[in-house]
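Shown next as structure tokens: one chain only, the form predicted alone.
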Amino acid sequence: MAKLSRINLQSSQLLERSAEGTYAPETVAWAQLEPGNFEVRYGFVDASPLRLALRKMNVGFKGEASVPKEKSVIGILADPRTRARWFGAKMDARSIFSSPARVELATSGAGSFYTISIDRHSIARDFARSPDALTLLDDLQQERLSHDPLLASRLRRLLHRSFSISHAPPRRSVSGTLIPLLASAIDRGEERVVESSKCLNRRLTAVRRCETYMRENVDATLTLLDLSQVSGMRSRSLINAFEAVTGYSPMDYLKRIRLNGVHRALQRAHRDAIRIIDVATDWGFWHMGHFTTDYRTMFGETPSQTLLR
């Protein structure tokens, strides 16, 4: 029986490149939230109709992606010590998430994730008589977050083995073992966990409104009062909401998002066709001294060094 096909872990400073096989690059949005030379190491295992992925980030980040219509994604922390949030809800070693449409993950510090991309059409075709497969397909219609230490531990061990060259099981064995395990894990989850807590849901809604407003006004001078009006929350409540959902204050989060915008623009620009001051002002930075200091602190290099790469 054929062994699993695999890709050895590769490195990239652009998260989009690690989206191969699961997300279209144009559907992925991400930002580095902590200082450091951001790097993601990633690899994939083809266990059709499942595709397993491992991603390791060296600093805190936030990523969002749209899942193709015919697929669903299930995920778990590869390293139980990872401090992460899924749609604003805290994850831990017991957590297993699933989503049929969108994925949103954020970490504090370095983190690593396993994700499983599931081709629903292929499962329905290849396992049409399997009660576990049918249960899994039904449960994948909603966003869910499960908390089960035993199932999470079993899933993590199996995924560890799947990425181990010396212990990798055959492809059919991985699918046959994973599908019943995933069905049990997701079946215990709460639908749309982000709405299970009225407080969390209200905070998440406020943060989403502010994020949209931030993106629509990237070159404007925004204040906490502006964001308070957009969110409908008092300033103190909005600060608490941002710290609960993102780990940062609203203005600190805004600065990090804008620094990432400049960084990506400089990475992709031709050095003779762009001026750093123009890119900085396009992203709302008007004081070049403060901007350069903040940029160097975040990315470990000056804007000029990024542009000259």
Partner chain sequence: MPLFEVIQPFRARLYRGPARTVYPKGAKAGFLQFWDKSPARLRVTIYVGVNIPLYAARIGESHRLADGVSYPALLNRIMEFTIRAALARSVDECEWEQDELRRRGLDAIQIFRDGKAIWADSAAFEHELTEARRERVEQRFRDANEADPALYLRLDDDLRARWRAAGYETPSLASDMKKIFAELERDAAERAEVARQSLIGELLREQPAKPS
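On a predicted model such as this, the values are computed, not experimentally measured, just so you know. Numbering follows the first chain given and starts at 1.
Separately, the form predicted together with the partner chain exists; it is not shown, and the next lines address it.
Student: When the partner chain is placed as it is in the model of the complex, which of 132 to 140, 145 to 153, 118 to 126, 221 to 229 ends up with heavy atoms within 4.5 Å of it?
Tutor: This holds for exactly one stretch, 221 to 229.
Student: Mind checking whether each of 251, 290 and 307 has a heavy atom within 4.5 Å of the partner chain in the model of the complex?
Tutor: Yes, because 251, 290 and 307 each have a heavy atom that approaches the partner chain to within 4.5 Å in the model of the complex.
Student: Is residue 276 one of the residues lying within 4.5 Å of the partner chain in the model of the complex, judged by heavy atom distances?
Tutor: So residue 276 counts as contacting the partner chain.
Student: Is residue 272 a contact residue for the partner chain in the model of the complex, using a 4.5 Å heavy atom cut-off?
Tutor: Residue 272 belongs to the contact set for the partner chain.
Student: Even though the partner isn't displayed, in the model of the complex is residue 284 close enough to the partner chain, meaning a heavy atom within 4.5 Å?
Tutor: Flag for residue 284 set to yes.
Student: With the partner left out here, check for me: in the model of the complex, does some heavy atom of residue 56 sit within 4.5 Å of the partner chain?
Tutor: Contact check for residue 56: no, nothing within 4.5 Å of the partner chain in the model of the complex.
Student: Among 51, 62, 263, 255, which has any heavy atom within 4.5 Å of the partner chain in the model of the complex?
Tutor: By the 4.5 Å criterion, the partner-contacting residue is 255.
Student: Please identify the residue among 236, 81, 157, 215 with any heavy atom within 4.5 Å of the partner chain in the model of the complex.
Tutor: Contact with the partner chain in the model of the complex is made by 236 alone.
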